[in-house]
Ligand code: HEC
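Here you get one chain, nothing else, as structure tokens; it is the form predicted on its own.
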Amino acid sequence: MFKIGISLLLFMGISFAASPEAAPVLNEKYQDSSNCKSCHMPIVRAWQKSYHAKSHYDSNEYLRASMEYVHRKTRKSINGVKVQCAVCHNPRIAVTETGTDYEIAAVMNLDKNSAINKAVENDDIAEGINCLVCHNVDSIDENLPASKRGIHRIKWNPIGTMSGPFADAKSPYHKTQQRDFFSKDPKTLCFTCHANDRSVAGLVFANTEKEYKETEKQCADCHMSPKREGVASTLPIENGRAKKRMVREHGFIGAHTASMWEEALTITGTQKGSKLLLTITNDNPHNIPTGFGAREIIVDITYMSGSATVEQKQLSLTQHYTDKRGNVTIPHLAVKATEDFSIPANSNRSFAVGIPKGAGNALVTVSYRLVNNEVRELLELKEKEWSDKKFITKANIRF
């Protein structure tokens, strides 16, 4: 037994460092965004309020709870789960995979000083998707299998070089280079991660890239802002002043932002015999909901007779997930999903509901929720934002 134990420890010790490494950070003064403020203050301030800035395990309750749930249900080490998720949530992490050797060590509490633990706990990745993650990208490999996302698709710049949309950008602090995925086709960079989200069993539960209907509208037009005159850098590089450019906001607003939802969908209704036919129209270039499998559109219907309420109904447009035993689970552990009731890109979806006797009209309100009741309860989410309903639109439909 003693000899077997020594052999196992030696085996684990040799193979801990086998995981490929990401590029090192630009240098110590660029490991967090605070050092970018001297030249890019407006951009950094907008980013700090974004959910890109909350993509790290410690900064997002939903992400953290999901990781811990996967850890408990699969018995994979928590750091092993963190490394899996870091492919997109922390692409600058210094390791991209763990192996059986590490998992054995973690069970035996022999992983304390491993390269994997050091990578997960490194302060260099504490900001999640920060300035360096996007602007240190040199190229994106779009020819890899769909299952290879995030860090696997990225080739990093050499130390000291930053990419951006402007060919004439100059800085005394780093080299600069222009790349088309910032200027001509920014969705290429977005879809490095926002695509083909798969469960442990291989079920694709979110795929914004596949849903996307090619239009002139880019992801950045809505989730950053349309281009407008401003400055990307406050450095006085043009006749002693900051150079005026056409720039975008870096707030990366999305499903968490209530104002983003107002009139994002429209709803109409007509009477068909004893039924009310509701049609929800989506003029956006991707499905709604999109992004994560547990998101939900809620349609609240109040049937009225004059000023009196006759009946109330609610439609929940979401997906439900089950594991290999048929038990309810979160998207990341699912082997099956119910029908997708999302509203397709640049299209519509209709639903028929009964009209109760005596009703003369229906007040219909459409809202959005980040996490449906089922998954929110499984993960025991406490923060209010996960249960809040964000108003989208409403209509008064007369019969």
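Every value quoted in this text rests on a predicted model; they were computed, and no experiment measured them. Residue indices: 1-based, along the sequence shown.
The form predicted together with the ligand exists for this protein as well; it is not shown, and the discussion that follows is about that form.
Interface residue remark: Q319 is not counted as part of the site for the ligand in the predicted bound form, having no heavy atom within 4.5 Å. Among residues of the shown chain, I125 is not one whose heavy atoms approach the ligand to within 4.5 Å in the predicted bound form. Using a 4.5 angstroms limit between non-hydrogen atoms, I104 is distant from the ligand in the predicted bound form. Though the partner is left out of this view, H256 does reach within 4.5 Å of the ligand in the predicted bound form, counting heavy atoms only. In summary, the region of this chain contacting the ligand in the predicted bound form, judged by heavy atoms within 4.5 Å and restricted to 196 to 204, 298 to 306, 109 to 117, 272 to 280, corresponds to 196 to 204.
For a residue to qualify, one of its non-hydrogen atoms must sit within 4.5 Å of the ligand in the predicted bound form; none of F351, G354 and I397 qualifies. A heavy atom within 4.5 Å of the ligand in the predicted bound form is found for one listed residue only; from S77, N157, N284, T96, this is N284.
Along 82 to 120, these residues reach a heavy atom to within 4.5 Å of the ligand in the predicted bound form: Q84, C85, V87, C88, H89, P91.
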